[in-house]
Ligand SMILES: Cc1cc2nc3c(=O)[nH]c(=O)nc-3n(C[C@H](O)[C@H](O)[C@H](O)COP(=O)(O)O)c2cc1C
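We begin with a single chain expressed as C-alpha cells, specifically the form predicted alone.
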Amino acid sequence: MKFFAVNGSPRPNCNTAQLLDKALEGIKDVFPDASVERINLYDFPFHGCKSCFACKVINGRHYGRCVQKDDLKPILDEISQADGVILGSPIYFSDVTGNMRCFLERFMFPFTAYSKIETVDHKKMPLACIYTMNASEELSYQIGYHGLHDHFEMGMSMIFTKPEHLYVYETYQFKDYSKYVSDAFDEKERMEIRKTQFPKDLESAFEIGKKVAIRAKQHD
C-alpha cells in the first residue's frame, strides 16, 4: 500500500511538516509494510490549473487526467493511485497556501465531471487535512476559518471521501521573536504552548494517520 503526505508549507521541517511526518507514523502503525512519502510542494516549480480542459475532451486520451507537463505531473500520477493522502498547510490570509491551492486545482479538477449522468472513474481514497495557524482557537472561530475550511473539505468529499481534519493553533514560528516585528505575540506564552500543547497535537496527527490507514483497509 502507498500513502502520501503533501506539505503545503514553504518550511520543510517546521510545524506542518512535523505533524505530517507523525501522521505517516500513524499509518505505519497500522500498515508496517506500507510505503509512505512526504511531498514538499515548495521543493519544485509547478503551476495551478490552466483551464485548458484537456481533461474534459470527449473521448480524449487525457480524459480524467491533467495534461500539463511540469514537475508536478508525475507526482499527480502517483498520488491519484494512492491508498490515502494527508494534506497539510499553514493558514495564510484565512486559507491554505498558494502552492497548496495550485496543487488541489490540478489534483481535483480532472476528476470533476461536467455531466449529469457520467462520472470520471478514479480512486476514491481516504483523505485528511491538517491546518496550522498563528490564531487561537477562539479567534479562528471568530474569523470564520472553520466555515471556510468546511466548504473546502465539502469539495473533497464530493470527489473523494469526507476528510478527517486537525486544527493546530498558536504555533511557534521563530527561534528568536526579538528579531522580528511580532509584539502581537508573547514569546514566552508561545514557547509554553510549544512545550505543552504541540506534543498533544503530534499525537493527534498520529491518530489521524491511523484513521486514514484504517479507512484505507476498509475501502480495500
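In case it trips you up, residue 1 is the first one in the sequence shown, and so on. These numbers were taken from a predicted model, which means no experiment stands behind them.
We do not show the form predicted together with this ligand, though everything after this point is about it.
The candidate spot formed by F53, Y63 and A113 is out of contact with this ligand in the predicted complex: none of the three has a heavy atom within 4.5 Å. Contact annotation: this ligand lies within 4.5 Å of heavy atoms from the stretch 132-140 in the predicted complex, the single such stretch among 132-140, 68-76, 99-107, 113-121. Contact between I91 and this ligand in the predicted complex is found at the 4.5 Å heavy atom cutoff.
Among residues of the shown chain, N40 is not one whose heavy atoms approach this ligand to within 4.5 Å in the predicted complex. The closest heavy atom approach of S204 to this ligand in the predicted complex falls outside 4.5 Å. Contacts between stretch 18-53 and this ligand, counted in the predicted complex as any heavy atom lying within 4.5 Å, involve no residue at all.
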